[in-house]
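In structure tokens, the next block holds one chain alone, the form predicted on its own.
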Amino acid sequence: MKDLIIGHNGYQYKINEQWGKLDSNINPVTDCHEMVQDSKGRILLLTNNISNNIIIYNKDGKLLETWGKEYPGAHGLTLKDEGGEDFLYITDTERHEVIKTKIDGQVVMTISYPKDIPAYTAQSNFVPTETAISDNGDIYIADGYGSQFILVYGQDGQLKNYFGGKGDAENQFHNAHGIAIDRRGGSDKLLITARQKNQLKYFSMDGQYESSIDLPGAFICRPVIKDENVYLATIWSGDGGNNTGFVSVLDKQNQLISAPGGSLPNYQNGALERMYQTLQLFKHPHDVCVDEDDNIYVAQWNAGQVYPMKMIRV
């Protein structure tokens, strides 16, 4: 697949399957869950292999450094510039915690389960999958594998608010897997994944439901917002079978315009036709990272311990 180009409607990409490949005897990965780019332009990968939970690359895929041996359930990775310094927020589904670290791994805060909320009678009820950090420092935690609440903490780690929960109502979730803050419209809103429903949901910053985006056939992970677009790893497609993933790109109107590895997006009477995989390039994409050149780095879950792949925009 050396010269393969995939995608649609001007969002097309050449595949570099060799990007990020390392010696698995020295720097093994299990599930490659998420990726972010720091203020130095480095690409950080989070894996749940406790030999090296964080693997740091340059944009060419060269290994720069690694750290972390204490995150067996490493799942979500969010980077926030706070006063000119990069901080990481790691969600660990086995430790049932959110851990804030400096860019070198030094732990500065840990958030455990919210004992004051009736749904959380034990730590095992709290299985956080993702975080988003507001400009005022509030920490929004998506409990996507736990009780399906969105939990809001202040900079001091104290609980301020919560909303959502498991259910079929518009303001509830089945797998609140990912969360991001959408600033494209001039005012901040929360954009939250409802993966089992093939939806993204908008909420106000104080937790009021606003609207939904239907993406039938696309079982999406967290939304990654870059410029006017939303990028999503689509871990399964169609009816949700294994090894059926692709990548999704939404435009500023939140219309699906490109699905690298998937079918051509087509709207009929304003509704997107069901999406499905057309090329067995990906198994289970779990996250995407988009650099300043609009290249996409793809991390995969349960894909044979493969390293990330780079999609070069053409």
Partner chain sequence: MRNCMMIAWSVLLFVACNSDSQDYLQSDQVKLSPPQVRVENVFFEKASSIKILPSEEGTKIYYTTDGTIPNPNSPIYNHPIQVNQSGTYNFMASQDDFMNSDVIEMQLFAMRKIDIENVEIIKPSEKYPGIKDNLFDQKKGDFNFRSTAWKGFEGEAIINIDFQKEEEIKGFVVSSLIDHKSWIFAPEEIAVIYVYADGKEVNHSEKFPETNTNDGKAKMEFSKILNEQSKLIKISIHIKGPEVIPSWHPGAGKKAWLFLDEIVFL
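Numbering follows the first chain given and starts at 1. It should be emphasised that the depicted structure is a prediction, and the values quoted were computed from it without experimental measurement.
Below, we turn to the form predicted together with the partner chain, even though it does not appear here.
W236 is the sole member of Y89, Y231, F203, W236 with a non-hydrogen atom within 4.5 Å of the partner chain in the predicted complex. Taking G240, G185, G137, P118 one by one, only a single residue has any non-hydrogen atom within 4.5 Å of the partner chain in the predicted complex, and it is G240. Heavy atoms of S258 never reach within 4.5 Å of the partner chain in the predicted complex, leaving it off the interface.
Using a 4.5 angstroms limit between non-hydrogen atoms, N16 touches the partner chain in the predicted complex. Taking the partner from elsewhere, Q106 is found to have every heavy atom lying beyond 4.5 Å of the partner chain in the predicted complex. Of the heavy atoms in Y276, some are within 4.5 Å of the partner chain in the predicted complex.
Screening 249 to 257, 280 to 288, 52 to 60, 66 to 74 for residues having heavy atoms within 4.5 Å of the partner chain in the predicted complex returns a single hit, 280 to 288. Interface residues of 166 to 201, taken as those with a heavy atom within 4.5 Å of the partner chain in the predicted complex (partner not displayed), are limited to Q196.
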